[in-house]
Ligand SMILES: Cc1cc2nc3c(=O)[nH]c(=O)nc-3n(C[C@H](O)[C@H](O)[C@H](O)COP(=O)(O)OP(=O)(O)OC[C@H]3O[C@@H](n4cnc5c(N)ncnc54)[C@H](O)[C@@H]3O)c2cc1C
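As a starting point, one isolated chain is supplied in structure tokens, in the form predicted on its own.
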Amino acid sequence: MTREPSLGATTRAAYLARLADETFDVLVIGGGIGAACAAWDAALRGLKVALVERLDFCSGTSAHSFKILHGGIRYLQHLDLQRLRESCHERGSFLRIAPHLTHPLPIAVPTFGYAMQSRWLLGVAFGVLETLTLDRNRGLEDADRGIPAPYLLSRRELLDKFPGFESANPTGAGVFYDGQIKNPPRAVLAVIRAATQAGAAVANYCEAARLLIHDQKVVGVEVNDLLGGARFEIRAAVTINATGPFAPSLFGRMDKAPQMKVPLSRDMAIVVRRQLDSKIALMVQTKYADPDAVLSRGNRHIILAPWRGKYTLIGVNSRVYTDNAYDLVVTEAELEDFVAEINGAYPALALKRDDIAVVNAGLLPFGENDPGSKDLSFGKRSVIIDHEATDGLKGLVTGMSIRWTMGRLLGQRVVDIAERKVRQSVSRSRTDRTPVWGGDIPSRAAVEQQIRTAVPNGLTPEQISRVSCSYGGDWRSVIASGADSTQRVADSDYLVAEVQHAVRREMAATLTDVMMRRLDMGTGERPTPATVEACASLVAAELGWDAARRSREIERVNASYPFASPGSQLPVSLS
């Protein structure tokens, strides 16, 4: 893969100069999966592209998602076959274009009795699913990346894996496959780096402050550089507001901007310090109904998925959210309610509040529900608005992805609108078959063998696996970043070279950028004090921080547990 200029501090300055001096075809506001895919798609089509993000890349909902690539099996109950097919295609797209950062995940669904929740009827549903998704692995060259056919487990096979279910008297289980995103911030960063390779100019910590409007046409945005303090204008033929759930709040802070009202759901998933099974997830039924189901096999489910080798990721818990998106918090009462919901669905787990290590929460478009509702109607489609049609405001498009899995398709569709405005025609998107940065590899196994050969007896199998997952085909830029390839950060399994690479080549500007997004040190539980101190010293040396700034950065990392709210992600120099 051709090398592009690094995303380091020097390049950020060069990108800022481009953003201020050039005129672009498309300006994307946002740094989540939908925004990243829009910028990448537009750049691959030959458009001149800019992207700015108020905080760090992938610091909001895309980072704090449930990390599942949903293939759409539950849409069978809704008889929504179009959404099932779209979800299946998008799951396959990410397994294909980001093979180092995604993998298939088997999920067991316990069965009961002889009616709607029975083993035989789930087998029939699996047959329908198999027929509707026969092309699900098209274009996947590595067989290990494919989604296998669903299958049934006997009662004994289920209880061997999950003995806590014996008292519920299951008849067995069905197992279907979805995908799991191993590191969402790195996946988004890989898309952004692919966009820069195609010519896009990008900058994190650039806040869109005001739309530039001339004769009822948006001609760009005035932005604040939250790191350098400068205020400047970015000019573009089309501006795409791809800030996801922050889109209405963003417009609400601007003069002369359109007003949006989109129902939002607060979706929460928690990481607990236990592992049920290292390879297979478990789906359990809650007490809440699914009002959208046409052929219901019972109430809504939550999923308990293996995470990071020794944890379990449990989600999702949803509620109607009506406050400002920037003010999102998760309260202790909400956590206690979720613990009670989980224990009601799987009593043998006997989960306690102290078992929770990390809380992930973000906002997504929702269905129409009254505040406080329990039996919730969820959003069905991503939100795409051409403001010329709705508000008479030319040159402005808004996109809000319904979930992580649909981020690539959202990017494709908003760029279709933007390209038509720029060129009066639409070319074909290539992002469903073009590898992201680091994704042009024969297989994960091949990359791991390359690393073992290059660093014989130097890295543990766990380190080799993580490096191949995080960087894919770009692993050499990390191993050769200046530090001894095997030098660790304090008592952690992470490498000094990874920390330095994050600052020098990946535009990390804060300690949380490094530890929680570039290196995913904190997605299982809080790193040890020694690890945080050592990382802070390394980043301080790279960025020239004094002792006071270093201390504030450490405080920000520690304050991110169990939940890092959107408002806590501003650079500490401004907070």
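Residues carry their position along the shown sequence, with the first being 1. Fair warning: this is a prediction, and the values are worked out from it, not measured in the lab.
Another form, the form predicted in complex with the ligand, is not on view; read the next lines as being about it.
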Can you say which of 163-171, 263-271, 418-426, 276-284 gets within 4.5 Å of the ligand in the predicted complex, counting heavy atoms only? 263-271
With the cut-off set at 4.5 Å between non-hydrogen atoms, does Leu84 touch the ligand in the predicted complex? no
Using the partner position in the predicted complex, report whether Arg403 sits within 4.5 Å of the ligand, counting heavy atoms only. yes
May I ask you to check whether Asn360 falls inside a 4.5 Å heavy atom distance of the ligand in the predicted complex? yes
Applying a 4.5 Å heavy atom distance criterion, does Glu53 contact the ligand in the predicted complex? yes
Single option in Leu364, Ala345, Leu351, Ala237 placed near the ligand in the predicted complex, where near means a heavy atom within 4.5 Å: Leu364
Just give me the single entry in Met507, Leu47, Ile68, Val539 that has a non-hydrogen atom within 4.5 angstroms of the ligand in the predicted complex. Ile68
Within 214-251, which residues have a heavy atom closer than or equal to 4.5 Å from the ligand in the predicted complex? Ala242, Thr243, Gly244, Pro245, Phe246, Leu250
